[in-house]
Structures are given as C-alpha cells and as structure tokens.
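In the structure tokens that follow, the same protein chain appears in two forms, which are kept apart as structure 1 and structure 2.
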Structure 1
C-alpha cells in the first residue's frame, strides 16, 4: 500500500498570536513553524498501515526551503520519502489552488517512482486557517473517492474501509482505490522519534521541486481574505459577596433580570 501524505507547516499553536497593528495580519514573526497537528496524525496512521500491510509512505509539503526540516522530522517517525514543492509562484494559495498544485505534485511523484499511490491522506484541517477544504478539493481534482475525519483505515478486498468520526458517533465506508482521506484524531498519538531515527533523518536528501518541475500551473485564487479581527476580550465578571445563600441567589436573579438574561 503506497500512501501519499500532504502536510503543512503552521505557526506553533502553543504560542498566542496577535494581529500586527500596522498590517492587520497575524503577527507570526519569531514563532516557530511546526508540522500541523492533524497532519502528524495522518502520517502516523499511514505509517501504521504500511507497517501492517507493507508499502511506502511519502510525505510532501508546499512551502519555502526551511520546510525541509519539518519533513525530516516526519521521516524520523516512519515516513520513507519526502518531497518539497517550493516556488515563489506558489505562495499565498487559496484552497482550490493548493489542491491543484498538490495534484500536480502527486502526478510527478507517481511518474518518478513508476507506480501510483493507493491512498492520499491530509489532516482534516490546519490549525492556522481551519478551513478543512483542501482534502475535499484534492479528491475532486483527482476524481477520487473521499471521506473526511477518518480515525481508522484498513484494506479490504478491492479497496479500503474507513471509519469516520461524526458529531453523533461514527460512520464506516468502503471505497475503491485510489482514494483521498482526511484524518482526525485517532485513538493513538503520533510516535516520538528515536535518537537513531533522528540522526538518520538528518542525512536524508529531500528533493525540492519548482512549479515547472512538478508541472504545476498556478491557479488564480478564487477566495480572497479581506481582513482579520481578534476575538473580543472577556469582560470582568461580577462577584456576589452576600453571606447568605438565599441573598446571593436573589441578587444573581435580580442582576440577570436587569440584564434581560431571564
């Protein structure tokens, strides 16, 4: 089973991000770029599938040269190959343009290795934009079956079976290959690299392709971000200090009535 995993590097979500007062855009200068959390779940799921059933895992990203470090981190936790699509022409793509570029990169990798990918994984969403659209648009571009928010996957005769997490429980689908899946949080966490695997990954050579190399023609963005706004700051609460419970309740009810909350 050959699996292609699309990954994205995002600002570390443990760091609180504010808007730059001059540009009005998120100020991410000085914040470390890390592999998107849901993408790391996708890589772990892919590696487990290959360990159980054989095959290979290729991870790929679109971004600047420094993204190579993040890809090497994924090699250290089990990915077999990595490729980076890096070209100034492919900066600031919307979801549809990103899906188009990824489809071209997938075709290029398949041509280079002489075989097709059985599965294409994406994280269900990125922690910066949180649009959850690239995977679905990629499946449409590739004309491949699609299931979102997958937490389990296993091969079956003629295809794969995927377990999808829903708001009310789970749904299970079977589909032919190749297929595109977006991965939610499974029942396990991504593994940690060993010292040995980290040292080996540092020596890995990651091909860095231009748009021309991959045959990726930049699509015009269909969506434009008009601006950002920070969430309103929480107002200070009111402390009720009556000593008797009945008095405290009466005051709370009166305050809510005055605010027309009840």
Structure 2
C-alpha cells in the first residue's frame, strides 16, 4: 500500500497563542513549529499499515523551508519519503487553496515515482486553524472516496475498510482505492524515534519543490480574515492550601456558596 500523508506545521499547541498588541495578529513568532498532532497520528497509522501489508509512506507538507525539520522527524518514525512544496506564491492559502495545491503535489509525486497512491491521509483537523476542511476538499478534488475521523484502517477485497469514530460510537465504511481518509486519535500513540533512526533522518535530504515544479497554481482564497480578537480573559482567583483537608473543603465550599455557584 502506498500512502501519502499530508502534514501541516503548526505552532506547538502546548503554548498558548495570544495576539501581538502591536500588530493585532496571533503572536506565533517565538513558538516552535511542530507537526500537527493529528498528522502524527496519521503517520503512525500509515507506518503500521505499511509494516503489516507492505508499500511505502510519503509525508508531504506545504510551507516554508523550515518545514524540512518536521518532515525529518517523521522519517525518524518510519516515513519512507518526504517532500516539501515551498513557494512564496503559496503562502496564506485558505483550506480550498491548500487542498488544490496538495492535489497538484500528489499528481507530481505520482508522476515522478511512476506509481499512484492508494491512500491519502490528512489529520482530522489542524491544531492552529482547527478547520477540518482540507481532507474533505482534497477528496472532492480527487473525486475519491472520503471518510473522516478514522481510527482503524485495513485492506479488504477491492479496497479498504475504515472505522470512523462518531459522536455515539463508530461507523465502518468500505471503499475502492484511492481514498482520502482523515485520522483522529487511534487507540495507540505515535512511536518515538530511536537514537539511530534520528541520526539517519537528520542526514536525509528533503526535496523542495516550487509551485512551478509541482504544477501547482495558486487558487484564489475564498475566505478572508478581517481581523482578530481575544475572548475575555480569566483571572486566577483564590488559592487554598491548608494542612487539614477538611479546612480546605470548608473554605472552598463557603466561597462557592458565597459566589452562588452552589
């Protein structure tokens, strides 16, 4: 099975993002860029599928040159190939334009390797934009079957079977290939690199393509951001630290009652 995994670089989502008071835009300058968490789940799912059934995993990103580091980290945890589409003309893409550029990149990789992908994975959503749109739009561009929030995938006669997490349980779909799946948090965590795999990945060169190389034409954005604001902030309140638990509880409950919270 040849699997193409779309990986977005996002500001480390363990760091709180606030607006820069001067520019009024999200202040992400000083925050480390990491691979979007759901995309790392997708890579782990892809690597497991390839370990079980053969094939290869290609990881791909659209973004600035420094995305190479993130892609190298994925080589260290089992991805076989990586490719970066990096072009000043492809900055600030909305979801539809991102899907369109990814479709071009997929076609380019397929032409280069002389083989098509069976599965295309995206993360369920990116942790910065949280749109959950790119995978769905990519499936439409490719006119391929689409299932979101997948937690398990396995080959069946004529295609794959995918288990989707739903609000009330799960659903199972069968489809022919190629298919586009978005990946939610499976029952397992992504593996860690070993020192050896890390060293090897550091030496890997990640091919960097321009829009022209990939045959990608920037599609006009359909969504524009007019501005940003921040929701009302919360202040830390009272800290209760007593020797006796009973005293702490009495104090806390009295405060809750006074605030009419109970």
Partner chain sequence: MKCLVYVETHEGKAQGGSLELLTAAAGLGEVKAVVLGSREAAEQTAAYGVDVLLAGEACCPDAATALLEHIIGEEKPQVVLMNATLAAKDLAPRLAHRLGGGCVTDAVAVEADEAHGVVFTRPAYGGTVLERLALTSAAPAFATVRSGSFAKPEQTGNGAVTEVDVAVAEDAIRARLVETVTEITEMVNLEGADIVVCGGRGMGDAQGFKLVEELADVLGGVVGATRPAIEEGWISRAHQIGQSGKMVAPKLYIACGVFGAMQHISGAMASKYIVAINKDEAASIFDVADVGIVGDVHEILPLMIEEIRKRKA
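Numbering follows the first chain given and starts at 1. Rigid core here is just the name for the largest C-alpha set that superposes within 1.5 Å across the two forms. All figures in this text were calculated on a predicted structure; none of them were measured in a lab. Shifts are known only where both forms have a C-alpha.
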query	finding
Index of the chain form predicted alone, chosen from the pair	1
Rigid-part reorientation between structures 1 and 2, C-alpha based, degrees	31
Rigid core superposed, the C-alpha shift at residue 234 between structures 1 and 2 in Å	3.3
Mobile segments between structures 1 and 2 [3+ consecutive residues, each C-alpha shifted 2 angstroms or more, core superposed]	233-262
